[in-house]
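Okay, so here's just one chain, in structure tokens, the form predicted alone.
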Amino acid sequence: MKRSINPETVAVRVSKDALRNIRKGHPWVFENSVIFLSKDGSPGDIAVIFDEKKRFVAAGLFDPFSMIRIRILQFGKPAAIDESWFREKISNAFMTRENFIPQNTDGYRLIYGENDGLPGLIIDVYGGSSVIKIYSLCWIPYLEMLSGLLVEILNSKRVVLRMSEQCSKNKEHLKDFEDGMVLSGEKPDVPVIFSENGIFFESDIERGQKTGFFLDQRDNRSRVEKLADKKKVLNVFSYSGGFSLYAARGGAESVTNIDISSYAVEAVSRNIALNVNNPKISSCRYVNLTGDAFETMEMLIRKGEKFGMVIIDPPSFAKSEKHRKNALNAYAKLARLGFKLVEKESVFVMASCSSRITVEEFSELIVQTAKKEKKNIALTEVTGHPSDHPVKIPEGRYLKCVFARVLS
């Protein structure tokens, strides 16, 4: 079935610097780079960018309410931005993922925004459910079409919409769409269940963080599994226990989880129950602590607790450039507390999901914090994104995870 979009078209001229960046393949045009509009555009209109000689340069989606005024879809030569165009994009992304998603895994990222040529759009898959998350109102006119394509291409039994906080605030332009609504299929009675490397997890696709789960840490969870044998493990910012269950399957003696959300901590227990047929996961000893991570780690230090593996996976502390200094201080404090909790001959794992903190400064922060705590460490690996989170523009690179051995 052909789904009509019918966007308006806006002719656009941009500054020379913006033109140069577009021709290099960068997909964003900021509001201060727009020097001419043929008319006032609405969210989702097709912005066609021409150079000073009226030659086609690029076309993208217009958003008059965002600092990123145009998100570019098509570079270099004109094309009809219609359902066939989107079908090809999604089909190509799906075929690519089929080549590298691990066996026994039906939870993965299908579309990673700019890095898959669809700026401001995320699509995650959890078994038979797909989740569309938008970061710009420009995607509102395309939601029904995208939902239909996911049913067509992936045979999705359910499609759920999630929105960034900024999108949710602009209610007058949402056209009755809202965060967490079901676009296609039946509303889930409970969180949906999916498999990752043979471990079952639930994902609250209507209310959970991101789209319901942290799919980007899949490969790092596998690394933890290989290092956890016979260790007493601490998982800080545990959320629903992704790292915890991998550590348990890897032979961990016990796992202590810390998260400020009681809902997340309760989800750990539910995920353990989903894997009752795995003897290592079901027989592992779990301690679930609900509370502030900093305060709870300090409490464990006062009690004299020590762990053979400490995993710290905090939220992004630097959502803008002005938060960088505070973020680095928070990471340093977490690392300091973590090093106080490790025993000799242990494993230390810490991640950052802030794109404003470079991998070099994050790694150096951990090395220097270890020195201050008089810990002799060896960095064994510094990892980035899994294969279903490809990085094609610098701004798409946010995840870094440091693995270190704490030596005696």
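Predicted model, so just to flag it, every value in this text is computed and none were measured. From 1 onward, residues are counted along the sequence shown.
The following text describes the form predicted in complex with a small molecule, which does not appear among the structures shown.
So which of 188, 315, 185, 127 reaches within 4.5 angstroms of the small molecule in the model of the complex, heavy atom to heavy atom?
After the contact test, the surviving option is 315.
So which of 209, 105, 222, 168 gets a non-hydrogen atom within 4.5 Å of the small molecule in the model of the complex?
Looking at 209, 105, 222, 168 one by one, just 209 meets the 4.5 Å heavy-atom criterion.
Residue 174 within 4.5 Å of the small molecule in the model of the complex, heavy atoms:
Result no; residue 174 lies far from the small molecule in the model of the complex.
Given that the partner is absent here, does residue 292 sit within 4.5 Å of the small molecule in the model of the complex, heavy atoms only?
Because a heavy atom of residue 292 falls inside 4.5 Å of the small molecule in the model of the complex, the answer is yes.
Could you confirm whether residue 195 comes within 4.5 Å of the small molecule in the model of the complex, counting heavy atoms only?
No - in the model of the complex, heavy atoms of residue 195 and the small molecule never come within 4.5 Å of each other.
Proximity of residue 154 to the small molecule in the model of the complex, heavy atoms at 4.5 Å
Result no; residue 154 lies far from the small molecule in the model of the complex.
Okay, which stretch from 146 to 154, 280 to 288, 252 to 260, 119 to 127 lines the small molecule in the model of the complex, with non-hydrogen atoms inside 4.5 Å?
This holds for exactly one stretch, 252 to 260.
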